[in-house]
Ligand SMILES: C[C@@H](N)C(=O)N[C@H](C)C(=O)O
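Single chain ahead, by itself, as structure tokens, in the form predicted alone.
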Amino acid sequence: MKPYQHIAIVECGEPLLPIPEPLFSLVSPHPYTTVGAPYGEKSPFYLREGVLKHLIEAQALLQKEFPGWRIQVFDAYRPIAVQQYMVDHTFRDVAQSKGLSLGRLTESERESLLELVYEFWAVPSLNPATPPPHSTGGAIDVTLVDEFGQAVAMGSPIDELSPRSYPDHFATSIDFRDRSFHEHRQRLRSIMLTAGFQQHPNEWWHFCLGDQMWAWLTMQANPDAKVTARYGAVGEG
């Protein structure tokens, strides 16, 4: 179990609501549906009602400083079946990239691959006490687009399984381009945290509010605080 999964959940019952376009830029076609993820009639572009309100606040903060810029949503709500599919898909991709055959993996190789995958992907748990963050409607993967609708350079793509994904990876670089990547990440982080979100420690793009990770990170920043999660898994029926 990851540390945040020990946080208690007191479900508040807020509904999932669609993320409005064109207020936000939505990645299309959606990358997970493109590889066959089983969303069915569900949409990745949904959030809990309270989370959406805070995302709109973050958008307003961004546009106040940079008129015309928008938050681009890569992914938000993710059914647990999709989480399982993408973990399996990523596992296969990583094995292939290392020249390994799935049918011939040693136990050590399998454990090493899973360790890498689960550094960035949550376990697709069906246990109501340990839901994947995206399955709660309280987590979102985002980046920025400028006034021309062009993606702002962040130094690595969303979902890359490497140290470049760590939020502060470029913080100490003296290279001019690397410094610009760090500044752009800091800009995204600043507006999201000001709007009430918390950032995943390993992913510059992942922010959360109201789920177990958010509660755990909030208490890490404020050790005297007593915080519970208010969002559990939704939409699995």
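Note that this is a predicted model, so its numbers are computed, not measured. Each residue number is its position in the shown sequence, starting from 1.
The following text describes the form predicted in complex with this ligand, which does not appear among the structures shown.
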task: Tell me, yes or no, whether D178 is in contact with this ligand in the model of the complex, where a contact means a heavy atom of each within 4.5 Å.
output: no
query: With a 4.5 Å heavy atom cut-off, would you call H200 a contact of this ligand in the model of the complex?
result: yes
message: Just checking whether V142 would be counted as a contact of this ligand in the model of the complex - the rule being heavy atoms within 4.5 angstroms.
response: no
task: Using the partner position in the model of the complex, report whether P79 sits within 4.5 Å of this ligand, counting heavy atoms only.
output: no
- prompt: Which one of these stretches, 205-213, 190-198, 22-30, 54-62, sits within 4.5 Å of this ligand in the model of the complex when only heavy atoms are counted?
  reply: 205-213
message: Going by heavy atom distances of 4.5 angstroms or less, which of Y166, F91, W121, Y85 would be at the interface with this ligand in the model of the complex?
response: W121
message: Can you list, in sequence order, the residues from 130-159 that come within 4.5 Å of this ligand in the model of the complex, counting heavy atoms only?
response: P133, H134, D141, D159
